[in-house]
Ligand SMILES: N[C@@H](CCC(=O)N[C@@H](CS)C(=O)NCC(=O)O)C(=O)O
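Coming up is one lone chain in structure tokens, specifically the form predicted alone.
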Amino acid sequence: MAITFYFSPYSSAVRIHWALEELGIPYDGVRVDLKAGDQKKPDFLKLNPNGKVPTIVDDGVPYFESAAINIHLGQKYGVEKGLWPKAGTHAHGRAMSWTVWAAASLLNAGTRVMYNTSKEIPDDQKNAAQAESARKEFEGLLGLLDAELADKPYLTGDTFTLADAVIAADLWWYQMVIVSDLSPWPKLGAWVGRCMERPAFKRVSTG
């Protein structure tokens, strides 16, 4: 049974789209029109009570939250394809940790930057001090990631995994809305470049 992938362009669903393309497994993409409120319809809320994308249904089982979906795909399909480390290994611990870090730490800081600087948010709802604080935190997290990549080409070592795809997908977006220049973090910038040269990412970003 093919996976059903519910998505919206330019959202955190990019993470899962990239993972699916890397894995090369069959899936049916269903575009969710967020402006039309498709994500709040009863049938969709049965799959994802948060009313958000991404969401997948795999063998009749729904999964939501991009970090959880990514881990599920990695553990079920990625190990045999060399895209997810085997459970119990050092690399597996790092892949799990960085995947959750992307959602719990980097996304949190990035969202606060965007909320307080975006043209889409009314000026009376923005806070310049909070924007500056969030930006400093965000840049500190980029520095942490840069240091992690100082002695290896990918997050878990010599091999690209879906953990790399999760964070590189985020950086693709953040470069458009928060930090366009990664030169202060050269190891990070080189890593992003390597990840974005992958055919699977090119299919996602240009499709």
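The numbering used is simple: start at 1 and walk along the sequence shown. Note that the structure is predicted; figures quoted are calculated from it, not measured.
Although not depicted, the form predicted together with the ligand is the subject of the following passage.
Look at 141-149, 39-47, 155-163, 174-182: in the predicted complex, residues with non-hydrogen atoms within 4.5 angstroms of the ligand sit in 39-47. Contact between residue 58 and the ligand in the predicted complex is not found at the 4.5 Å heavy atom cutoff. In the predicted complex, none of the heavy atoms of residue 168 sits within 4.5 Å of a heavy atom of the ligand. Mapping the unseen interface onto this chain, residue 66 counts among the residues with a heavy atom inside 4.5 Å of the ligand in the predicted complex. Contact check for residue 62: no non-hydrogen atom falls within 4.5 Å of the ligand in the predicted complex.
Looking at 9-34, the residues that come within 4.5 Å of the ligand in the predicted complex, counting any heavy atom, are 11, 12, 15, 34.
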